[in-house]
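Shown below, as structure tokens, is a lone chain in the form predicted on its own; questions about how it binds or moves come after it.
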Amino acid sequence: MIDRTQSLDTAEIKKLAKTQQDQRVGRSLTQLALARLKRDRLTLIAIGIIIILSLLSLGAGLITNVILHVDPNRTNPNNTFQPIGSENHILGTDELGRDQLARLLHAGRVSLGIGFSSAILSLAIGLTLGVITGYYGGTVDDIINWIITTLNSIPALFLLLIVAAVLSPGPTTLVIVLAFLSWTGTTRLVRGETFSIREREYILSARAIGASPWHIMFNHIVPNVLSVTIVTLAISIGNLILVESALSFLGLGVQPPTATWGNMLTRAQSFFNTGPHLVFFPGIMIVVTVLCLYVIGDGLRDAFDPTLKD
């Protein structure tokens, strides 16, 4: 009787394992990735932090006008270097008497806006050129590779310094310049993926029935490389936020009175002894944001890894 019960339990376990395996086989890569992300608490926490920071930055105007009742650019010489927790100034004030919390919120809108916009524009350029050069190959591939090699042979900081010196380093200019200088890595990645995808059976079938190259590229190839490019997008946003901060440190980023986390940190270093909170909070915002974006990128890479076993 015991042996029969044990054999029934074993059969049920095997049947359950087979059912779970069949369910995994029947799911797409996107469904598997979402299931893995639901179990990845660290990545979910990082995503939540980025969403909260983005919402606070987008609502900076509403928060400062309705809740805080302060103008981030209004100066008050009688209220300089107020400490954390002072009356009407939760995070204190800077060397000109401006509210630190209000400026952090408005600076986040600019810094995150530059990071997200330039990364998305860079992704669009890199994805388009990568699919085109990977699909056509030949002369088109040689030309794009020559452009990539030429751009990569020139130090990016040197190009940024030249562009910033010639053009007005406003947010729009930085978005365009950073996107123009950061698309090469995505193009190479997408190009390699496209080389392998273009020889698969469903692509050959689409050609056989007369589908145009553009239809094949943007309806069959692009959806299959999006998962790879989404992983690079999160990491690119973090890198571009760091680049904007570095340019602001050199005085070539967004110029005051428009606040970014980078130029707030740059100006605050001169007042570290008088107002250390002016250094800590912009630095913390940059570190937390970039760290969360790297964690998200790492989590997405694991989630979309087709060789990873659940």
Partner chain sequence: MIKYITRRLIQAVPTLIGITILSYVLMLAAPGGPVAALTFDPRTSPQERQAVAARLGVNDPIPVQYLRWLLGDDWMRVDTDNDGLADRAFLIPLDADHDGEPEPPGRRKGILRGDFGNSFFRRRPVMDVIVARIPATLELGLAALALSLVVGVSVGVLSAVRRGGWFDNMSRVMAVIFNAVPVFWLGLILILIFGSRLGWLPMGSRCAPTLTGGCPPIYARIEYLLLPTFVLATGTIASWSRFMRASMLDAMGQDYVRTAHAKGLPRHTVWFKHAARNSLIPLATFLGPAITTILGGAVITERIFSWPGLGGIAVSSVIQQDYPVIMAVVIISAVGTIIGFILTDILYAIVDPRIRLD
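From a predicted model like this one, the values you see are computed outputs, not experimental measurements. Numbering follows the first chain given and starts at 1.
The following text describes the form predicted together with the partner chain, which does not appear among the structures shown.
Novice: Residue-level question: is residue 139 within 4.5 Å of the partner chain in the predicted complex, judged on heavy atoms?
Specialist: Residue 139 lies outside the contact set for the partner chain.
Novice: Residue-level question: is residue 149 within 4.5 Å of the partner chain in the predicted complex, judged on heavy atoms?
Specialist: Judged by the heavy-atom cut-off of 4.5 Å, residue 149 is in contact with the partner chain in the predicted complex.
Novice: Given that the partner is absent here, does residue 78 sit within 4.5 Å of the partner chain in the predicted complex, heavy atoms only?
Specialist: Outside the cut-off, so no.
Novice: Please check if residue 269 has a heavy atom lying within 4.5 Å of any heavy atom of the partner chain in the predicted complex.
Specialist: So residue 269 counts as contacting the partner chain.
Novice: Since the chain is shown here on its own, which stretch among 199-207, 141-149, 106-114, 224-232 would lie within 4.5 Å of the partner chain in the predicted complex, judged by heavy atoms?
Specialist: Careful reading of the contacts points to 141-149.
Novice: Please tell me which of 37, 252, 53, 47 lies within 4.5 Å of the partner chain in the predicted complex, judged by heavy atoms.
Specialist: Filtering the options by heavy-atom distance leaves 252.
Novice: With the partner chain left out of view, choose which of 189, 175, 163, 217 has a non-hydrogen atom within 4.5 angstroms of it in the predicted complex.
Specialist: Going through each option in turn, the one that passes is 163.
Novice: Quick one: which residues from 206-242 get a non-hydrogen atom within 4.5 Å of the partner chain in the predicted complex?
Specialist: Heavy-atom contacts within 4.5 Å come from 242 alone.
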